[in-house]
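Coming up, as structure tokens: structure 1 and structure 2, two forms of one and the same protein chain.
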Structure 1
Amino acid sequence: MSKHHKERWINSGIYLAYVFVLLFFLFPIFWVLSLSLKSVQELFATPLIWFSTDPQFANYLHVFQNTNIVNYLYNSAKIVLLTVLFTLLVAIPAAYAFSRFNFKYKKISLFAVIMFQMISPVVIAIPLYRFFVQVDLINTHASLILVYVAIQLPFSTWFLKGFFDTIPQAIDEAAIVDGCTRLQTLLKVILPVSVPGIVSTSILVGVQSWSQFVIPFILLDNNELYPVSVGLVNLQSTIDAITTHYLAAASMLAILPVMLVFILLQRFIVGALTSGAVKG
């Protein structure tokens, strides 16, 4: 086989893998979207109807008018925004310190940070429940945000450290020569040029926090406090009138904010990951 034909076969295999991965991730979303726009007759039609020829957008109106989905979305947005804010407040100075300072046990400290990222929230859910009962914080958004911040901090610190590493230390030295303190250097010099890294960290933390299920399911026991991930399950189990197409419509509404944010700001993620990848 000639070199030209060999390259063509390799390229064909790569594109085939791209198509497979694309279908693997997009098909579940397509199927939920299809269900959300079907009538009851189309849900149980034989042969299977892949997509309705008469989309039932009224299903979405029914979900808005007859469920608590708006409150669930508001709770999720509030929890995620506060989680991102408090995570950045801790992760940015920690990442800057790891990136710029050499101190004793630095490598061990970095390893310890990433080690906590490997602990599954499922493992710590029950001990957390008992702890928050003792401190009277159970069934509150404050407890949920504290846990989310603790879960996201290791990843955020490592991600931001990688981004700060790509910024030449000569910029810090120039700022200090001009009279800036370390804090002023971080706030006035480093942060403005780190916007892509901070935005991409915020997006990734937000997406992971939005999709959390186990922790809120255990720590919350009030329908008015549920985020959308738990609210959907509650929607399915407590409302007799709900059917598959309504649940699918609610699911699409639940993932729509995350998809929009990711699509609109994806260039920041690509930029931050690329910057980290080329660090020598």
Structure 2
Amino acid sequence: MSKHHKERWINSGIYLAYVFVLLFFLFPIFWVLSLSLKSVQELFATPLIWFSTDPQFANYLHVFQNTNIVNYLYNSAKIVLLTVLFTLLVAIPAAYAFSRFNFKYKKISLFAVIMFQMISPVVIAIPLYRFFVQVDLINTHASLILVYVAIQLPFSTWFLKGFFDTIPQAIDEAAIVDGCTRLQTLLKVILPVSVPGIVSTSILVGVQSWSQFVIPFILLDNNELYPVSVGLVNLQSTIDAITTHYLAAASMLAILPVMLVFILLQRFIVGALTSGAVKG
């Protein structure tokens, strides 16, 4: 067999493997989309209908009108945006300090920060629930966002520190010689060149916070305040086989924002994940 021939066989093998990978990963999403557009008859039809010939977009209208989904989506968007904002506000100065200062116990502090990354949110949620009940801050988005921010901080601080480390110290020194304070150096010199790192951090924090479930599940007890993750579990408990298409439509609506962000910004996400990976 010639080399050229062999290469073609290998390429075909890779393509075949791609088909399996695509089927495995896309089929569940395709199926939810398919369910979300079926009528009740089509839902139970035998033989099974792979995709409705008459897509019922009214299912989505039904979900908009008869569930709290719009409110859930609004809550999630609000919580996620504020979480990203406050995470950056706290993580950027901390990352700067870890990158640019030399101080005693620096290594231990860095390890202490990343250690919290490993802690299960279930473990911290329960004492926090008891505490927030005592001080009457339970069922508020403010207390919720504080916990979300804390959960995102270890990763964000490490990630941004890694990014700041790649910016040459000489730039800082030049700015300080020019009379900038540390804060001015950070704001005027470091941040402008760190935009890609900050965007990557924001996307990762945003996607993770959109997915967050345990914390709001335990800390919130008011349907009006639920983010979309808790809202959907709530919705799932009220749904039976005959209304599966509505649950599917609600699921699609909950996935849609992250999917859009994801497909539009996928270069940033892959960049963020991979640079994180390489640094360990």
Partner chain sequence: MTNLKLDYQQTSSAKVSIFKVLGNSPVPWLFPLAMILVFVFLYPIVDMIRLSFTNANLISAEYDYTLSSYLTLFTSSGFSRMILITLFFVFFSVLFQMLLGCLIALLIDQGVKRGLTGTVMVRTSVLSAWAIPGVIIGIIWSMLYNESQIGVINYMLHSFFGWSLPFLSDPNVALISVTLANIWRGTAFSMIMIYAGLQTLPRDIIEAAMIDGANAIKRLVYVVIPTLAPLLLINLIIITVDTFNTFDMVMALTGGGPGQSTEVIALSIYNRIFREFELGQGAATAVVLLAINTLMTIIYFHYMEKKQVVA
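Numbers given to residues start at 1 and step along the sequence of structure 1. Definition used throughout: the rigid core is the maximal C-alpha set that superposes within 1.5 Å between two forms. Bear in mind the structure is a predicted one, so any value in this text is a computation, not a measurement.
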Block containing the form predicted together with its partner chain is structure 2
Core-aligned, is the CA shift for N222 between structures 1 and 2 2 angstroms or more?
no
Is S52 one of the residues whose Cα moves 2 Å or more between structures 1 and 2, with the core superposed?
yes
C-alpha of V70 off by 2 Å or more between structures 1 and 2 on rigid core
no
Please give the CA displacement of Y15 between structures 1 and 2, in Å, after core superposition.
7.1
Once the two forms are fitted on their core, CA shift of E42 between structures 1 and 2 in Å
2.9
